[in-house]
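Listed next as structure tokens is one chain, alone, in the form predicted on its own.
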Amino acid sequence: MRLIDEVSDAASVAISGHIRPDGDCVGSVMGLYLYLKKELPKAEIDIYLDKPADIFDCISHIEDIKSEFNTNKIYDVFFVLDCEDDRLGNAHPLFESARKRINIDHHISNKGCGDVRIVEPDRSSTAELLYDLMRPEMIDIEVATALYIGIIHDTGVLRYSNTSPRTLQIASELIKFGFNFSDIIQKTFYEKTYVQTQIMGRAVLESVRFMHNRCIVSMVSRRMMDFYQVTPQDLDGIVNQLLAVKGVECAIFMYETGTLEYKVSMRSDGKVDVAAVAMRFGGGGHVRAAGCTMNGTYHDNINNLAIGIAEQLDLA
């Protein structure tokens, strides 16, 4: 299948991804947007997405993203990328009213939504999947840059186990376009602001190991976020840092989003299927990277998560 076969007659197209977009979501949405502007030069193409982190400003035309959703427009085609429709947030009504709805994702927990469903869990990222749906001759340096960012963010710069030979092949094809891939990796994946480094240090300092030191957990409260003047976007990377602790097989990081409400991120070295744990609480993701939203006290949430983790580590 080629994307153009599904949208060739469309006069209006909308693209969206999940709330609190990560690198793969931003790269995929922007890659598809830039690609369709070449394939459908006469069509109206809009992007609806929460404002991405400033690190993604290197992506061409990222200022075209609409973060306000006050429209009743009915689109010919609506693309949902990197998630199911229940994670679209305020863009969900636009998805529901669209004449044709296309879902493209790689999360194993995604059952698919809309009229056309392309969900391939063996892919490293939605960006990788999109590349194989595009006509190679219509990919340029701007599209390539966006897709590359999506791939490196969901593979940990090609280090995670979801990196396949096809992933590496696609990455090599993309860097042939000549963008500064080394600079992109440094600025979008590794580089942190001073306050981001401070809050990460605080989270690591106050982390706690449990289950015979095989698991680690840390939490950032709303009071701490206010003190350091950070947003949820500034917390990216903390859970990966926790997993890097020697001997840790599963890392949990959560931050307070409301009264007795927490956003939870989990990472695993492979011994724990964190997607299965997250799905118990309405979340999802991958075997090694998943998340959910939980209600209750911090300690109650840890205890509830620990049940599913202990079962997999034969500690129940």
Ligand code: 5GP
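One-based numbering along the sequence shown. Since we're looking at a predicted model, the values are computed, not measured.
Just so it is clear, the following notes concern the form predicted together with guanosine-5'-monophosphate (5GP), a form of the same protein that is not shown.
Between guanosine-5'-monophosphate (5GP) and the residues A290, I59, I65, A251, the one pair within 4.5 Å by heavy atoms in the predicted bound form involves A290. Considering guanosine-5'-monophosphate (5GP) in the predicted bound form, the lone stretch of 258-266, 42-50, 66-74, 29-37 in range is 258-266 [heavy atom distance within 4.5 Å]. guanosine-5'-monophosphate (5GP) is not drawn, but in the predicted bound form it has no heavy atom within 4.5 Å of R202.
The closest non-hydrogen atom of R123 lies beyond 4.5 Å of guanosine-5'-monophosphate (5GP) in the predicted bound form. Among heavy atoms of H92, none comes within 4.5 Å of guanosine-5'-monophosphate (5GP) in the predicted bound form.
Although the partner is absent here, R87 lies within 4.5 Å of guanosine-5'-monophosphate (5GP) in the predicted bound form, judged by heavy atoms.
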